[in-house]
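Below you'll find only one chain, the form predicted alone, shown as structure tokens.
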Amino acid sequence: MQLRQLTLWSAAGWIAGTGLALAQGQTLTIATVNNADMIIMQRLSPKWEQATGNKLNWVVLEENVLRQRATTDIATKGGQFDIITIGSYEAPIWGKQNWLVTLDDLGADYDYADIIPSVKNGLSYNGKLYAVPFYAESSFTFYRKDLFDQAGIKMPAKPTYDQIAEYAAKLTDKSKEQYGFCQRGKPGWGENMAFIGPMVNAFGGRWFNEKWEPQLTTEPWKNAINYYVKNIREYGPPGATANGHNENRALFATGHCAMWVDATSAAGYIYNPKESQVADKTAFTAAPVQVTSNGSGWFWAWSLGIPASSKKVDAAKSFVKWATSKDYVTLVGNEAGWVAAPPGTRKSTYDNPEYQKAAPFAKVVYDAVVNADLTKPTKDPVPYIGIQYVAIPEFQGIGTAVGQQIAAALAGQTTVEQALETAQRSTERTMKQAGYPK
């Protein structure tokens, strides 16, 4: 009871700190993604509702669907959502279009200086903040230390993709539904391409050369995608084209994967014994490299933004302040366990001894997020920023179209070479129509 009262009082304090004349009894519609951290936010949000007298109408969507719905609504000024979950790709692009409310005015107690600079910069345009970070992530390699020990394999600090394939061959036992190479296969610019983009970077590839000419039929792309298709087919689970982040996380957490390269934010779930059957059997190392380490680990920040079309901006600001504050991190630590605290956004989280004790991955994640360089994502020079995405409005369509071609190759509906030829032609058309180079 005492904790509940403190939570309500704290919520009221955060709200007062915004300086907003907060209306009572409003219902906000929030669109978010169906991953573990956002589900915790949904579960804890009644504390904000009780403190403010407002209500939240949750629209919880699969990642690809969320991106599509949010983009359509904000581009058409549909006004369907008061709060949207977006990332470091959308925030600066949409901010430039004046589609989002600026969020620089949440009060001194919000402590903007506590936000990790690379994260804040990734959500800003022209020095203005257009979304506030709920959690941020890079990528690294989860692996089953018990299976590695049994096989007499030592995971290097910086494995190559060739080494990952070698280990996957040794650790796959399909009779036990144990797979060495669990990776995203579900098509989408933020699904399979979130893994494939950094993998292509590691193989020495890039989306565009300095003249904005697509590079999808170059040797690095061919080498990377042939590697990906071969190893998922031979050492991955069946039906891989249906597996995105959530599906692979479930496979790993239930003991079906020896290795999984994915978001560092998933560590809070994999290391949580309440959620994962392999919490005490998992170790981690860097995302794999190949011919270069540039752009081999991605950068992303799931964040909360407010569409300019919302008619309930003050109440929406109150919620996004609450859900991304230092006090919210503490609330999650107390209620869901410190291992589940939202990672990657605030320096104070990583200074907290309770989080350090609960999260063996803390320093690796912090270093990866702090040092992420979106301006140098590839071995060769490029005209764009972004590691697993290209920060131009056209990339949503391009990335999804390319992801669909690669998924078709993985499913055996076309060859890798044909898939990349088709992807190259469609990307060239899109870029020409958009007027590149600009």
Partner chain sequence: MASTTTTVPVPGASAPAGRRSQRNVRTLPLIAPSVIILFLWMIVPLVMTLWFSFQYYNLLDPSVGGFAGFENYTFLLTDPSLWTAMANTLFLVFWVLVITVGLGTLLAVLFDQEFYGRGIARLLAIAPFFVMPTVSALIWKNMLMHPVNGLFAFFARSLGFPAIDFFGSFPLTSVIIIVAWQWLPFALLILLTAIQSLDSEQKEAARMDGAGPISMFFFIILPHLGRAISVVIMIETIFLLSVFAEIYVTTSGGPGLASTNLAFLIYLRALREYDVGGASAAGVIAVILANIVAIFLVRSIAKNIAD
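Treat the numbers as computed from the prediction; the structure is a model and nothing was measured. Positions refer to the first chain, counted from 1.
Below, we refer to the form predicted together with its partner chain, which is not included among the displayed structures.
Participant: Is it true that G87, T218 and T349, all three, sit within 4.5 Å of its partner chain in the model of the complex, judged by heavy atoms?
Facilitator: Looking in the model of the complex, the three residues G87, T218 and T349 all stay beyond 4.5 Å of its partner chain (heavy atoms).
Participant: Can any non-hydrogen atom of Q405 be found within 4.5 angstroms of its partner chain in the model of the complex?
Facilitator: Yes, Q405 is a contact residue.
Participant: So in the model of the complex, is its partner chain close enough to P238 to count as touching (4.5 Å, heavy atoms)?
Facilitator: P238: yes, in contact with its partner chain in the model of the complex.
Participant: Wondering, does D105 line up within 4.5 Å of its partner chain in the model of the complex on heavy atoms?
Facilitator: Contact check for D105: no, nothing within 4.5 Å of its partner chain in the model of the complex.
Participant: Do W99 and its partner chain come within 4.5 Å of each other in the model of the complex, heavy atoms counted?
Facilitator: Answer yes; at least one heavy atom of W99 falls within 4.5 Å of its partner chain in the model of the complex.
Participant: The chain here is shown without its partner chain. Which stretch in 64-72, 44-52, 370-378, 383-391 comes within 4.5 angstroms of it in the model of the complex, by heavy atom distance?
Facilitator: Only one stretch qualifies here: 64-72.
Participant: Could you spot which one of F203, W94, Y328, Y167 gets a heavy atom to within 4.5 Å of its partner chain in the model of the complex?
Facilitator: After the contact test, the surviving option is W94.
Participant: Please tell me which of A242, A283, A151, V291 lies within 4.5 Å of its partner chain in the model of the complex, judged by heavy atoms.
Facilitator: Only one option qualifies, and that one is A242.
Participant: Might you say whether the CA atoms of F181 and N34 end up closer or farther apart in the model of the complex than in this form? Their distance differs by 3 Å or more.
Facilitator: Farther: F181 and N34 separate by 3 Å or more in the model of the complex.
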